[in-house]
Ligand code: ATR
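What follows is a single chain, given as structure tokens, in the form predicted alone.
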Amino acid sequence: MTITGKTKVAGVMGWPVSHSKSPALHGFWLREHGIDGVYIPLPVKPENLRPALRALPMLGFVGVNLTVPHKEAALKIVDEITPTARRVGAINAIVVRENGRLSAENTDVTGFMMNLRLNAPAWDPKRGPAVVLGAGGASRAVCVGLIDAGCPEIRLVNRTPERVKALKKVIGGNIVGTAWDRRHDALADAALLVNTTTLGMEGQPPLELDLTALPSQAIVNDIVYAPLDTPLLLQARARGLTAVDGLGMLLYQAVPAFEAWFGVTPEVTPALRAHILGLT
């Protein structure tokens, strides 16, 4: 890779940020399309987020991604926020406009919906209720996507009722809070199950969930991708259910940001999946 005076510079801000797969992801597309661009990790402490973001136009950046713990704090710093990002209450992609203004978006909604539609083409959001496990930032993006797609009911399962109430107040839609110890019952007549918690991830406690009550045509999606085949997905496949892994959400959420920064719409291909999986 040769950096020139015309090289477009983007990156990902987080603390820590060394675990991020975004540099490998965007770097793959930059090489694939022969773009004079670079994407770098930017370790930024929370107390330095404001000056770091405000410096982007002066440093010639075309934009950045944001990862934990910056997704919510950045809302008070950027100049423009899309309605979707405001509803989610978090941003993960910033475009630096020609006038220096910082325009923010949440592409997790797009990433989730594209991954689900492409890997479960038979799924109809209006077919029946969706069960969503967890009420964190990822859950908010998932709920926004499902509500906007026409899902008639979301059964939001979480240990803390207050988080569910806060989420429902901001997002709207037919969201029904469900206690964690009633999660098995919530699966009855559901058309979709989405796990947005870290349960089942490598190094985390297992997700204890009996899928017996799920209808035979239901879709099961786990946004966890390490491991790629989580115990939840393995259990779903054993019952003959359509199972969708979480890697696609990571890959598809990157597409609109890359397009905005570098002017090319990249594709999510088997070669890209293999490249990212080789890093896990």
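The numbering used is simple: start at 1 and walk along the sequence shown. Here the structure is a predicted model, which means the values were calculated and not measured.
One more form of this protein, predicted together with this ligand, exists but is not displayed; see below.
- Of the candidate stretches 73 to 81, 168 to 176, 194 to 202, 116 to 124, only 194 to 202 has residues with heavy atoms within 4.5 Å of this ligand in the predicted bound form.
- Proximity to this ligand in the predicted bound form, defined as a heavy atom within 4.5 Å, singles out one entry of I91, A138, I154, V96, which is A138.
- Site annotation in the predicted bound form: the residue of R101, R159, R86, H184 reaching within 4.5 Å of this ligand with a heavy atom is R159.
- Annotated contacts: G134, R163 and W180 all touch this ligand in the predicted bound form [non-hydrogen atom within 4.5 angstroms].
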